[in-house]
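Only one chain is included here, represented as structure tokens and corresponding to the form predicted on its own.
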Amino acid sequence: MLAGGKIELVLDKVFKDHEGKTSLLLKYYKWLYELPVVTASCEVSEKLFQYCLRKKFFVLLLVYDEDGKVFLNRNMSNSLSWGLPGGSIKKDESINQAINRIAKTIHKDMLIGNVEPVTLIENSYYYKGQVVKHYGIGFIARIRNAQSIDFKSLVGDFVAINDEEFSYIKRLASKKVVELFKNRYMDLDLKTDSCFQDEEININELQKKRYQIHNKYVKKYILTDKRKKKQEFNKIMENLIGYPNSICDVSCGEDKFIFKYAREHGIKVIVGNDISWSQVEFLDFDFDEVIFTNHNAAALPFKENVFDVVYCSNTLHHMPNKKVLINLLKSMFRVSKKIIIVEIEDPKITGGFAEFLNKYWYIGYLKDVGGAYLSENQFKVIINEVFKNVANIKFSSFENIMGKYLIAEIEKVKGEEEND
């Protein structure tokens, strides 16, 4: 639960707006990320001041492509210059919805991913001794469908940022976002594999109807909670998680377990991360107290040790190569004090119904992406090698109708948190 935010979230529900949560997110973004603050102030006319009173929050959006080029609008003032798209957050929309809306002002068919905040913005407007403040967030996001966009039709262009082009960005906040993006892009490019990620997101979105059938019928009549021994499994996870002040599910998908557990036990800060916007928006509707993010888990942008617990379920086998898999593990370790990893054993080793289910249902029908399954021994070797000398590690397992689940509890040794 966002500490101190219960009344804001209740009022949001009553009046069908998002101002309360937007305000709280600004507060918690400061806690979760290392975000610099860009400030600006100016005198305005009476009518402009009245206009400013009607607005409070806004978004500045930098969209980049696979080559690290940045979309910039062509701006006309005294001279032609570059600028980033942006706009106010409406009272009845979430920050996520505002970001997507602004992306579609660039092109109506634009799809984005890897959305993350990089700076906070505070603008002060003065009129005859009165002042109104506007609060903004500068986000970066990667375009997912550049190949289907006609760039010639855009009012602007994707630009390789060099010293010359940078000098033609006039707004201070836009300059700062671009500056921060350049360093962040290098980190993302080094640690992640976006093409594989796009494939998984696209298939998830294309197979929505099949997943609806899966949720409505298969889970209800075949893969029931009883057959999956849900209560027993949840009890094991609850004992491992304990009662932290902050927790992050780095690949939440549609799984509500962590969020229900956090709600029941009053965990103060709850973050649900997923690579798919559709998953984020689906869950955001049911869990307005959760902070939902859209980061690549192999290069999480959160502060070091910001979470007491990071939870990672059935994610390792979706990694495209050994570089991204190891970076995922290191990324989770950097931002947390303890990691809990749950990973299904290679169904070919388990055999029986688990192998049949994976081959013909998850891969054959649902078109599930990711086949880097591990044996129990391989799982232990990787975990032990990556976290050697820096963590205390405990292994366990759990079996149900789905197969055998491999579990690792990885807790930083004392002193490692300070060293990080």
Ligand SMILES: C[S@@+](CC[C@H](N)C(=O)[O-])C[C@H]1O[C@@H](n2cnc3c(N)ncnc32)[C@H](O)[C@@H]1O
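Here the structure is a predicted model, which is why all the values come from computation and not from measurement. The first residue of the sequence shown is number 1, and the count goes up from there.
From this point on, the text means the form predicted together with this ligand, which you will not see here.
In the predicted complex, this ligand sits within 4.5 Å of a heavy atom of residue 197.
Although the partner is absent here, residue 250 lies within 4.5 Å of this ligand in the predicted complex, judged by heavy atoms.
Residue contact with this ligand in the predicted complex: residue 174 places no heavy atom within 4.5 Å of it.
This ligand in the predicted complex is approached by residue 274, whose closest heavy atom lies within 4.5 angstroms of it. The stretch that touches this ligand in the predicted complex, counting heavy atoms within 4.5 Å, is 296 to 304, out of 332 to 340, 119 to 127, 296 to 304, 159 to 167.
Though this ligand is absent from this view, in the predicted complex it lies within 4.5 Å of a heavy atom of just one residue from 240, 319, 106, 349, which is 319. Site annotation in the predicted complex: the residue of 93, 255, 281, 179 reaching within 4.5 Å of this ligand with a heavy atom is 255.
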